[in-house]
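In the block that follows, a single chain appears as structure tokens, in the form predicted on its own.
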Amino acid sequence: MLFKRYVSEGLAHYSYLIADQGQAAVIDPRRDIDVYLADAAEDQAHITLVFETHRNEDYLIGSCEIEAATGAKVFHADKQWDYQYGTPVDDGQEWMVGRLKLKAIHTPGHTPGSMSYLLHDPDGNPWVLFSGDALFSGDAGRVDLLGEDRLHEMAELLYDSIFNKILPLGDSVLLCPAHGAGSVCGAKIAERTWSTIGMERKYNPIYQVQSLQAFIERHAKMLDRPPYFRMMEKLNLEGAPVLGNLPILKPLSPKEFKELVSEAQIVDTRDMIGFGAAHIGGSLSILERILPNYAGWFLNYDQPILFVCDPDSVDGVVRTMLRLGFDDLVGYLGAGMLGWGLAGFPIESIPLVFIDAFCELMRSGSDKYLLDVRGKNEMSNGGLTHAEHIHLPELLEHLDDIPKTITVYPLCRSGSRSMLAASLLKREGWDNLAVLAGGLGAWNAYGCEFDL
């Protein structure tokens, strides 16, 4: 018997493979399916079933990819929507995977037709609940995806799903949600990588509410909604285009790269020091580790994408982009920025200011514009006294509020989002920019007596 979880870093997406007696099933697969195929083959099992817990918004599901590769039958939730692939699931429907039984439980709230799947062990005992986005460790799924006018309705459905359908399954049942900490599908998912219904009963704030009305007041809130969600919703009903194999990102010479620049989006995944020192005009600084979080905010699906990145990171970059539905990946600068410079092509930069110089700058009282791009959940005591706050995802909506005549210093915890903010502003025509190396973490560690 095999039971394995797969973590898609950045998106904090969890998918699962179960196998027994030569049969296997995958729950909520990602689009790069090679890991499931390899592990099933190693266990001498054949993937015959794929289950979706709901229509996903934050990543492109790999159901059609597995179906094309293995002939597996795909079962999807949210049967009221017009899926163009697979078979809808009915509440209470059951399947066998070897000696393991899966039973569908309708748990609406995150979406109207969300399904959880209860896995029974070989002796028939309830063992694992694949809860999708209904219940997480420390949180429950967001209920705002159908709009503000249906917030209370969806929250009421989720309350019923959690308290009347999931909780009675028993404290010993393992909880296996579709996301972990860091996902945009929950506001405050805990860093409990494994949990049980009993642990959630004890520690999850959702379970501490005393009534339906209290649950609605706590949970019925509109959250940030990245623009790429719309594309994910569309493709996850139509069925993602089948890749067959992971595409190979082509290394481009500086000349080849330059010929494509005017028509493409350029993403630079190098560290902030490298980007600040030398980058190609118009490129966005999105570190590889934050690429899953911000590609969907600032890239569009209409233009091809070029990359400046470390060759060793190409595989991870490609996987991230494909999971978000960005398929038009043209290539990367094979010779790097050194090769670009040696070819005589123009290089731009954004100055880095180190903490001692920044502390002196604050003491001097010279004109400057401090721009705090953190989320409100990162702030204490109302944020920074001498900075304006514009959350990074909202930056392009507030360009008119940001001056061009004095130097703008974007600020975040570590500096990576600061450099992304600076690259966005530079692309939009700002010249007076600088980034604090190490961000607010460096500021707090240095101990400058000036109050930001």
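Please read these numbers as outputs of a predicted model, since none were measured by experiment. In case it trips you up, residue 1 is the first one in the sequence shown, and so on.
The next section is about a form of this same protein that is not shown, the form predicted together with a further copy of the same chain.
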Does the 4.5 Å heavy atom contact test between Asp312 and a further copy of the same chain in the predicted complex come out positive?
yes
Although a further copy of the same chain is absent from this view, report whether Pro126 comes within 4.5 Å of it in the predicted complex, heavy atoms only.
yes
Does at least one non-hydrogen atom of Tyr301 fall within 4.5 angstroms of a further copy of the same chain in the predicted complex?
no
Is the gap between Gly375 and a further copy of the same chain in the predicted complex 4.5 Å or less for some heavy atom pair?
no
State the residue from Leu167, Leu237, Met96, Ile248 whose non-hydrogen atoms include one within 4.5 Å of a further copy of the same chain in the predicted complex.
Ile248
Heavy atom within 4.5 Å of a further copy of the same chain in the predicted complex: which of Glu191, Glu263, Glu148, Asp82?
Glu191
Does a further copy of the same chain come within 4.5 Å of a heavy atom in each of Leu17, Arg319 and Tyr369 in the predicted complex?
no
When a further copy of the same chain is placed as it is in the predicted complex, which of 150-158, 229-237, 85-93, 350-358 ends up with heavy atoms within 4.5 Å of it?
350-358
Heavy atom within 4.5 Å of a further copy of the same chain in the predicted complex - qualifying residues of 406-426
Arg413, Ser414, Ser416
